[in-house]
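Listed next as structure tokens is one chain, alone, in the form predicted alone.
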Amino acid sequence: MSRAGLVAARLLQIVPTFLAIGAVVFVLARLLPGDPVSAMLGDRATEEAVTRLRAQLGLDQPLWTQFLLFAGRMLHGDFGTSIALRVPVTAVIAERLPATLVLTALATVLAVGLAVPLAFVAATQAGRWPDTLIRAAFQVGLSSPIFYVGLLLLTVFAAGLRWFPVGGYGDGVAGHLYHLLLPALTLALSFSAVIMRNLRAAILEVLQAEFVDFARSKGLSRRVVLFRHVLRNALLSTVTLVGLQVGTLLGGAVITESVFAVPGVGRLMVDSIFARDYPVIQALTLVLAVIVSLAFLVTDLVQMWLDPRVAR
């Protein structure tokens, strides 16, 4: 299959996934204890006020009617109005989503940039002290909870040394990167440990392959063998792992954004769940599902570039 065919097939697969997730999240949102009316009016609200607000929000209609209205608006790209914020859901998400996307992308870049060279050193020095030291250091990062790492970095580098801001998102590209560096590093430390262990094992496996021995017998230099033949083939499994971990990074962003006061969709999702803001919960889940699906598409394209046999 060509690259264009693969892209078209993956994009078509997103449509039924989008519809299925929309139906599931509609049901799950309404299984949450309580409802938006109780969250907005409190326990002391009168029955008349509750009835009037439920009618205004359309919650007095049968569940199947609410779902049909939701599905119809969803197919037209209209996710309704936020119950808690009283503004269009698309406007809320458009304001918050860039911070989360930049945070996730920066964390991925830091994790890959940290893990790949160290995994290469660990694999080529397997069984020696550099390998032991690198694996031990990454094991600490892998074993530490995200919220603890975030609080530690925040205390030392922001509150203590004042090298970085305590929270926020900043202004402009440079300001965004500066404010998100510590949160991204928090996510990257545990993620890089997973990448390093996977890539190290893959490199050790490829080093034992016959084509590597053949490349050496041809008189190719060690540098050419390692970078052109070994690393390129070993990266296949690591690329798959990075793509699969995008959802995990987005989930970790919920905690990280709370610790560093980043105005992203992670905090918005938590606030919306507590407020029983059904439109925001539904729209955010669908948007994140599309992002993860696109990440899988990018993963497939990178794998095709590394190994054209993947497309066959």
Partner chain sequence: MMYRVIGRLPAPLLAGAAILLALLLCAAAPGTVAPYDPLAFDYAALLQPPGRAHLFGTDQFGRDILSRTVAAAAIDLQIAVLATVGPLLIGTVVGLLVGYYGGIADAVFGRLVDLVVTFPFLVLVIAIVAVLGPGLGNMYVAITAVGWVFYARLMRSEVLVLRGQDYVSACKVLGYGQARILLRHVLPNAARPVIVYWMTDMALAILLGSSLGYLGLGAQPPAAEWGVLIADGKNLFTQAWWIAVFPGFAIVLAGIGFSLVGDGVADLLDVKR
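Being a predicted model, the structure only gives us computed values, none of them experimental. In this text, the rigid core denotes the largest set of C-alpha atoms whose superposition between the two forms falls within 1.5 Å. Numbering follows the first chain given and starts at 1.
Just so you know, the form predicted together with the partner chain exists too; it's not on screen, but the next bit is about it.
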Contact flag, residue 177 vs the partner chain in the predicted bound form, heavy atom cut 4.5 Å:
no
Please determine whether residue 32 contacts the partner chain in the predicted bound form, using a 4.5 Å cut-off between heavy atoms.
yes
Any chance residue 20 has a heavy atom within 4.5 Å of the partner chain in the predicted bound form?
yes
Just checking whether residue 144 would be counted as a contact of the partner chain in the predicted bound form - the rule being heavy atoms within 4.5 angstroms.
yes
Using heavy atoms only and a 4.5 Å cut-off, determine which of 173, 161, 152, 109 is in contact with the partner chain in the predicted bound form.
152
Please determine, with the chain shown alone, which of 132-140, 69-77, 100-108, 113-121 has non-hydrogen atoms within 4.5 Å of the partner chain in the predicted bound form.
132-140
Within 4.5 Å of the partner chain in the predicted bound form, all of 259, 289 and 293 (non-hydrogen atom)
yes
Taking only heavy atoms into account, state which residues of 249-286 are within 4.5 Å of the partner chain in the predicted bound form, ordered by sequence.
250, 251, 254, 255, 258, 259, 269, 270, 273, 274, 278, 281, 285
Is residue 245 one of the residues whose C-alpha moves 2 Å or more between this form and the one not shown after the core fit?
no
Following rigid core alignment, is the displacement of the residue 256 C-alpha between this form and the one not shown equal to or greater than 2 angstroms?
no
At a 2 Å cut-off on C-alpha positions, does residue 265 qualify as shifted between this form and the one not shown after fitting the rigid core?
no
